[in-house]
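Starting off, we have a lone chain in the form predicted on its own, written out as structure tokens.
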Amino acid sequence: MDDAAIRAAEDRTLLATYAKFPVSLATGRGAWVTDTAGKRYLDLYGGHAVALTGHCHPRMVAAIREQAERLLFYSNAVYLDVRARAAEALARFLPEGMRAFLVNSGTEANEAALKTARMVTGRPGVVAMEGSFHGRTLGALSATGLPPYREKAGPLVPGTVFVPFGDERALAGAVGEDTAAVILEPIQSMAGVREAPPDYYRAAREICTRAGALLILDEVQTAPARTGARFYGEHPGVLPDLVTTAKGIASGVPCGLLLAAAPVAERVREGDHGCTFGGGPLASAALAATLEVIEEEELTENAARMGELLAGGLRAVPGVTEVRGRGLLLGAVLDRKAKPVRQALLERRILVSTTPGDDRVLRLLPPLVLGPDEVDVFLDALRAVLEEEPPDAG
């Protein structure tokens, strides 16, 4: 199908739920994707942080192909050798004592986390952050602090109180004897790539411990490895009670995880959760291969190195006023609106994202195989785009 036929087929059949780049992609390798006309694009968007090990990593392709030829699907009603392999890879990767519940997406992982917190504590309340994004299903949406996502879906699940992200005093004042959990993203990606000081995360841990509430870190975008650590909590030295992750955990195969520290995991019983497709053979094969590639190719370390290189380069570009984030989840704050810059970069065949919470932020979520030459390609293009027109006056 040519580009026009592809767009027409999607537009006449699928609900118009996404604003799309005017690009029809056909193939991808590493940090690059190619459209149906053969044009090649540097991908610093990663399909929204999903292409973690790069597009079509040979190990991923081989693992998925091999599993598809052996057993395409069976549910959690049986044991699977491929799921056991994924479990062993997880055991090597996770903090000691953590156990996993396998689901399909980040919003499903967050639903399971909120449900677990209520079941384990016997309490109804949730404290969430202004500017947060936890998903589009009703429970996760009820803990999402970006108003545009909430406005059309009410009434939402009751019991959530919102406080400013990074405000220790507000958090301490909101957590009480009815609080089941505090849920937060360590980096608020959708709000403009906002990160709090290390002491804030340590304080959140202490506040939850004192109150008998659970601390949930939503690492759907930050883990695994994207921030230069396996999990973000390693940076401030915080072990949460529950962690959620998804996006790149299986390099493009739908997969999400709820991770529970030992004291919580011990209280989860048969029948408390269920997920038909969670931990299926394809997802398990992709999950295991992703974790193995991260370890063997030292992608955690590469995320840290390339993140420093990219952030340093951005700070030297005229028109960039601030660089937020960590590792390869970065936000470049511009002296102008970001969407026209995103469009100009697209015309130069570079894919980047923006954020609904801050219209001056370019958001970068590239594959963790990004290299220094590709960093230079992006920085040169951004510098040229920002030099072409003066900043707006707003």
Ligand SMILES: Cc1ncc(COP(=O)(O)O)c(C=O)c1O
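Start at 1 with the first residue shown and count on from there. These numbers come from a predicted model, not from an experiment.
Below, we turn to the form predicted together with the ligand, even though it does not appear here.
Among A225, V220, A283, V127, the residue placing a heavy atom within 4.5 Å of the ligand in the predicted bound form is V220. Among the residues T107, T300, T121, S142, the one placing a heavy atom within 4.5 Å of the ligand in the predicted bound form is T107. Contact check for H48: a heavy atom falls within 4.5 Å of the ligand in the predicted bound form. Contact check for Y232: every heavy atom lies farther than 4.5 Å from the ligand in the predicted bound form.
In the predicted bound form, at least one heavy atom of G135 sits within 4.5 Å of the ligand. When the ligand is considered in the predicted bound form, D241 lies well away from it, no heavy atom lying within 4.5 Å. Remark: of stretches 170-178, 284-292, 307-315, 212-220, the one touching the ligand in the predicted bound form is 212-220 (heavy atom within 4.5 Å). With contact defined as any non-hydrogen atom lying within 4.5 angstroms of the ligand in the predicted bound form, the stretch 302-319 contains no contacting residue.
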